[in-house]
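In structure tokens, one chain follows: the form predicted alone.
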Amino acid sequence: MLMIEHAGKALLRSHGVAVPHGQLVRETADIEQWRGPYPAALKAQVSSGGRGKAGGVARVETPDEARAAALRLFDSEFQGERPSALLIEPWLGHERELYLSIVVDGGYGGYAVLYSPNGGVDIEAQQPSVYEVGPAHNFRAHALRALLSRAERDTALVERIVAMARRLLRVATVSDALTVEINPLAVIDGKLLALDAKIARDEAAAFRHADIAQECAHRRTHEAARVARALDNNLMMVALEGEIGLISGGAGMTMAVMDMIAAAGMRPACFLDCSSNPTPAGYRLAFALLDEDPAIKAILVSIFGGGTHIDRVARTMSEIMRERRCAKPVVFRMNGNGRDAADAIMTQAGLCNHQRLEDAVAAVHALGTRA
């Protein structure tokens, strides 16, 4: 269960981690209640990643700019997710941006501390230093201190990072979190401030935490409604706990592609077979169901047409992609009756129809890991 930023920051604050003073905005009129300073940061509260690069964080200099930015953000989608709230905070100048997180990893036998001296939006391109803790009681300040000293010469800063890591480990153990990530962790006058928070909690621990149980129940209700919409329109859909959405044709083809997704190190987010409704309306609904799921990072369309004319499917797909507002990447591999014409239609629309399914799976892997 991924906590939205404002909830994650509230949890960090309750454990003594310094976070900016902020206010939750649930509608544009709530901006009027902000009594903090300007410039301010207005941040879309969504669970999808890449929010900063997608325009989900706005710097506003005045109340008028804040209102205009709020209208834009409330009307925007981030990987298919429209924010139901915004967070407004002071725009804080800082000396540096660091990266610090606690993760649970079976390879380490428990917890690990990840650190990078350069945090921010491009952290995925970096290789953080790793302190393998294992069980929480194995945490040793001197071991983390030695690792940090390779990158940081300021001993006072090193001690603050060690203390922060200890607090985050406490957050992880008390709240049954699988990930507690601060990026960026800002350095301001030598002190540390969590400018963002990403906390993912273990749903298997719902029996210990009422808030996890409540969120899981809410999500199950939402997923059941999505599946019911699919079934009502002759789309065979089973919701799974993955990040790659799949639109396919035929149960056997769908299962085979799901196996290939898993073999590539990804997790399918659904079994979605459109063979019973291979119409423009059916495919549009399939995209709508996947676009509205914030857990899905990329979509793979894998269709083989025998009786179905692939050129007609390609024409529908090009129309859907032209109309779509969601920015989630989509990879196509459509083969069968009318393939040559389908390729021409896709190329004319600026889309790629991969020759081989293996190539399509590799492409969606590259796109999904960047999302």
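Sequential numbering from 1, following the sequence displayed. Keep in mind that what you see is a predicted model, and the values were worked out from it rather than measured.
Note that the form predicted together with a further copy of the same chain isn't included here; everything after this is about it.
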| property | result |
| --- | --- |
| Three-residue site 38, 43 and 76 fully in contact with a further copy of the same chain in the model of the complex at 4.5 Å by heavy atom | no |
| Per-stretch contact check against a further copy of the same chain in the model of the complex, the hit in 163-171, 184-192, 289-297, 82-90 (non-hydrogen atom, 4.5 angstroms) | 163-171 |
| Among the candidates 281, 125, 228, 210, the residue which, in the model of the complex, approaches a further copy of the same chain to within 4.5 Å (heavy atoms) | 210 |
| Contact of residue 16 with a further copy of the same chain in the model of the complex (heavy atom, 4.5 Å) | yes |
| Residue contact check: residue 176 to a further copy of the same chain in the model of the complex, 4.5 Å heavy atom | yes |
| Residues within stretch 255-272 having a non-hydrogen atom within 4.5 Å of a further copy of the same chain in the model of the complex | none |
